[in-house]
Every structure is written in structure tokens, then in C-alpha cells.
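Just one chain follows, in the form predicted alone, and it is written as C-alpha cells.
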């Protein structure tokens, strides 16, 4: 037995899961609430675009404020805390040790949700910073940064205490994600909010951050989680280990240079470099396709329909389509037609709701029953959620992409895209119904766990003392 095994002996899986219980609940309960809030705001924004008179008397719900609040609620309210919850569990399981300092993420989760609340309220009151995907003012953004660091430190410590020294592919992606977000988020806030740069540099920094958040960070987290759960759910080891390593390095190398449209008012060499890097994303895309395709086919590949594997497979397919759309926007002939249209919105929404959110749903449906020790209260909601979410993403993203094509083909006329936008609102309605089922399942699990905890404490308090205890 090594010294490391003596200090941190291998813990059984139930003990590891129990050590993650409080951080998971603190992060996921709030994330499920913000998911519903963000989807409701997105639905309001979608309706207001083709029906401006809807809620027109409420100054807090103007289109510009609502769409920014909706995007930030989905990204910062749901995607990031839910991702951190899954990363905590995956790192603890891969390390084969109980999670280190579990109360720190619990405190950090409350700080995070407070920061999201302050940020969303500030946006609706008209105090947004004005920078896309970075609308939270200083108060909210500082809280998010502090909370993320507080969660990342004990999670990285769990990685340091691992007994298996060989790294699994998910280690590379998720550890990089823990470092990538605070670096990019702090840099963007320093150069745009705290000590703002002037002129063209502001637009470059803003688009650089948006790309690093929505594409690079989301890809690192989504692929890291997907590569962990694919073999676990299919019963077949992850195939082509070195392809996964190849995907990681090429994604980190090429992905961070993208995101600057060719029609932007920036020096030509910057937009050209961005376009070349975006086209080179075809390299990690091919690697993901190979890993994904070869890892399927195990005994559990067909799975139960609507189970965790269905969410993960849908999410990885969405990543392939989203990356193809991203590459297409970098091609000069296509970008002339589609840039600055609804097509770009379709790509980002597919990355958020079609890729990362779906992978997170599958992971959460697998993790939470193991962490709490009992199954979901309404398991039938899971299958309904899968159906509604998949249908909603299709009816949300495809009409937006077609609206972008119609807009570009008709001299950027908004009238040409209105019918497609009305259809996309229907897709958001399906997504909202699915998200409500997800939130109800999470809240029911949380309340059941609370009730069981109260019953256990009450039984312990009211239990009669043993005779030996009375004599003593």
C-alpha cells in the first residue's frame, strides 16, 4: 500500500456519492429554478419580437432587457452551476475518494445564486453593462467569480487526492474548464467593466469572451461529461483514447481564436485569423465523431428511450451540428449571407439548449438518485422531459436558422423571417414544459430528502433510552 492510499484509502461508491450530496443539492435546486425563470423570459422575448404589444406596458420587460436576462439566466443560472455540480461528482468518482471540504461548495452555491439574482434584477432595472453575455454589473460578477473559485479549489483538491494516477479523458476537459472560466471571465470584466479599454478593442474583447464561454468552455464541459457517461451508460469502454486527447488539444488550440465575424469593424487580419481558426475546428469535430461513433454499440447503447443515455446522445449530436453551423459562419460565401442574422442566434441556442443542457440533464438524472439514495419521485417525467426537450430544440433552433436564411436572402428584411420566428416560439413552449418537469422532479427529490432527514432526526430524539444508558 502506498502512502497516498494510506492517507486517502479507496472509498466505496455510496460513501463517495453521499459526500457530494449537499453540494449537489445546493447547486442543482437553484439551477432548476433559474432554468425555468430563464425559459419563461426567453418565451416572453420570443413573443415580443413578433408581437411587440405583448406586455408593452411593463418597462421592466422591454425586449432588450428580457432577452439579455433570459440568456444570462440560462447560462449563468443553470448551465454553469449544473456543470459544477456534475464536475464535483465526476471528479470524486474518478478520484475514488470522498469529496474534499463539501461545505465549501454549499456556501459558494448560495453566493452564486445570490449573484445571479442581483445580476438579473440589475438587467431588468436597466443597469446592464451592455456587453453581450457579460451583462451582469460588478456586484453580480464579483459574486460569481468568488463562488466559482470556492467551488473549483476543493474540486481540484479531489483531483490531487486521486488514487489512480493515469488520467481519464474527462479529467483533461473538466480540469481545463475549472481553469478556463475564471481566467476568461476575470479578463473580460477587467478590460470591459473595471478598467474598460476604448474603441475597437471593446468589441474584440467582448466577442472573444463570448466565444470562449459559449463554444470553448461549453465544449470542454459537455464533451468531458459526455466522454465519462458514454461508457458508463453503454457498458462499453470509451473507444479511441488518443482521439479524445487529440480532440482536447485541437479544441483548446483552435477554439479560443474564433468568434469574430468577417463583417465586424476590426482590422482584417484579426477577422481572417478568426475565420481560419473556425474552419480548423473541423479537426476536433472529426475526432468527436470518431469517439462518439465507436463508443456506441455496447449492451446498453439502445437504452431505455428517454433515459439518461438518450439525453447524452442528443447532446453530442447537437454539438456536431452546432460546430458545423459555427464553421459555416466563418466561410466567406456563407457569412456574407448569414452573419448578423438569426442564424447566429440559432447556433448559440443549439450550443446552449441542444448540447450542454441536454448532456447535463442526462448526467443529473443518473447522479442524483445515487447521491440521495432513492429514485426520482416521478420517473415518468424523465421520458416526457426527453421528448419535450428534443422536440422543443428542433422547433426552436431549425426555424431560427431558416429565419436567418430568409433574412439574409431578402436584404436583411425582418418581415421575411417573421413566420419562422412564430414557429420558433412554439419550440420554446415545448422546452418550457420539459424544463418544468425537470424542475418539479428536482424539487420533489429535495423535499423528500428534507422530509426523510426530519423523520430520522425525530426518530433519534424520541427513541427510548437503553437500560444501560439510564443507569449510567
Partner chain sequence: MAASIQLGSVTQTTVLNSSDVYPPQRTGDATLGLQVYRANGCAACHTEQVRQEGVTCAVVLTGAGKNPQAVTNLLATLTLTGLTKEAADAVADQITAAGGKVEIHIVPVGTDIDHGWGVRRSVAEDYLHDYPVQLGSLRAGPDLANIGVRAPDANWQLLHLYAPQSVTGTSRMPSFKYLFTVQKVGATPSPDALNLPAAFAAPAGFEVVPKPEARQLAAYLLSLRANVPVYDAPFTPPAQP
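Numbering follows the first chain given and starts at 1. Note that the structure is predicted; figures quoted are calculated from it, not measured.
The same protein has a further form, the form predicted in complex with the partner chain, not shown here; the description that follows concerns it.
Name the single residue among 272, 184, 240, 202 that comes within 4.5 Å of the partner chain in the predicted bound form, judging by heavy atoms. Looking at 272, 184, 240, 202 one by one, just 202 meets the 4.5 Å heavy-atom criterion.
* Asked: Which residue, 370, 110, 127, 232, has a heavy atom that falls within 4.5 Å of the partner chain in the predicted bound form?
  -> By the 4.5 Å criterion, the partner-contacting residue is 127.
With heavy atoms only and a cut-off of 4.5 Å, decide whether residue 281 touches the partner chain in the predicted bound form. Contact with the partner chain, no.
Next on the checklist: Please tell me whether any heavy atom belonging to residue 139 falls inside 4.5 Å of a heavy atom of the partner chain, as the geometry stands in the predicted bound form.
Outcome noted: Heavy-atom contact with the partner chain at 4.5 Å: absent for residue 139.
* Closest heavy atom of residue 63 to the partner chain in the predicted bound form, within 4.5 Å or not? -> Yes.
Contact between residue 40 and the partner chain in the predicted bound form at 4.5 Å, heavy atoms?
So residue 40 does not count as contacting the partner chain.
Per-stretch contact check against the partner chain in the predicted bound form, the hit in 194 to 202, 217 to 225, 139 to 147, 309 to 317 (non-hydrogen atom, 4.5 angstroms)
Correct option: 194 to 202.
- Query: Does the partner chain come within 4.5 Å of a heavy atom in each of 160, 375 and 455 in the predicted bound form?
  - Reply: No, none of 160, 375 and 455 comes within 4.5 Å of the partner chain in the predicted bound form.
Taking the partner chain in the predicted bound form, which residues along 330 to 344 bring a heavy atom to within 4.5 Å of it? Counting only heavy atoms within 4.5 Å of the partner chain in the predicted bound form, the contacting residues of 330 to 344 are 335, 336, 339, 340, 341, 342.
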